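Take a look at this one chain, the form predicted on its own, written out in structure tokens.
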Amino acid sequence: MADSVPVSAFVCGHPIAHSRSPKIHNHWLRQYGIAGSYVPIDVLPHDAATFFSTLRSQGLAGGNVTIPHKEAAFAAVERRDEAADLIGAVNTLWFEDDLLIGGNTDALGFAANLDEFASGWTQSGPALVLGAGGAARAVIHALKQRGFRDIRIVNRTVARAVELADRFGMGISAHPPAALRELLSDAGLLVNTTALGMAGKGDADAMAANPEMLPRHAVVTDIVYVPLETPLLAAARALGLKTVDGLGMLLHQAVPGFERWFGVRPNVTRELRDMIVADMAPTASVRSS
């Protein structure tokens, strides 16, 4: 990265005030002594295409994309990485040879979080994924990359789970909530990708998975990070199961973008995690970016 020209990057969404990405990236800018900036930009849905097409003229080197613009970013870029193509959404933008490139780092963030806090998670057994939305696509991509051959998707609307299973091919199966008891009995990894358990959301739901049904070696993780310990994680921890909260996914997914824009690959440290935890309002309700 040239020392003489400070780099500017961003996170965009609507709304965007809740995003903790600026705190993460500006922490790294200070830590590594980089003369750059990272700012939140509120972009209305009908303005998204224009915003992405004018990044260069705005002096922006790239940025992160959060709800509801990940699909718009997917359509706007001139080239995408494999993860973005398979997941069907873009959360990171950068330029290569004046071409706008789109990537998706959510799968990387998910896997890196488990690597940090649940050593051996890839050998735990079949994976059970709650939900069939965009976050589930990223999780399933990560699971397939890490060698899982039995991935079970449970969703209220089974047709959406079937669509997702078809998208990722062999080893993926789709199921209704009524099948949870049976599916949990030999699952080694339980992943919640739904809003169930998020602050401000009810936790009485047909999708609620009872961790008592899991084997004792199972790992339970939730991509929700507000509250840091969701009811699902609390119940699993009380049973002695290994649990991993969703905050690490947010922190680790930020690493590749920072490296592309600012030329330094940052580390996810306890200091950074503690800073974000201290910043989290008890009633906030966000899952990513």
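Bear in mind the structure is a predicted one, so any value in this text is a computation, not a measurement. The numbering used is simple: start at 1 and walk along the sequence shown.
Another form, the form predicted in complex with a small molecule, is not on view; read the next lines as being about it.
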Would residue 38 count as a contact of the small molecule in the predicted complex, using a 4.5 angstroms cut-off between non-hydrogen atoms? no
Indicate whether the small molecule has at least one heavy atom within 4.5 Å of a heavy atom of residue 155 in the predicted complex. yes
Should residue 246 be classed as touching the small molecule in the predicted complex when contacts are defined as heavy atoms within 4.5 Å? yes
Does residue 48 reach the small molecule in the predicted complex, with heavy atoms at most 4.5 Å apart? no
Only one of 136, 151, 83, 142 has a non-hydrogen atom within 4.5 angstroms of the small molecule in the predicted complex; which is it? 136
Can you pick out, from 174, 195, 111, 183, the residue that has a heavy atom within 4.5 Å of the small molecule in the predicted complex? 195
The small molecule isn't shown here, but in the predicted complex, which of 249-257, 56-64, 38-46, 25-33 has heavy atoms within 4.5 Å of it? 249-257
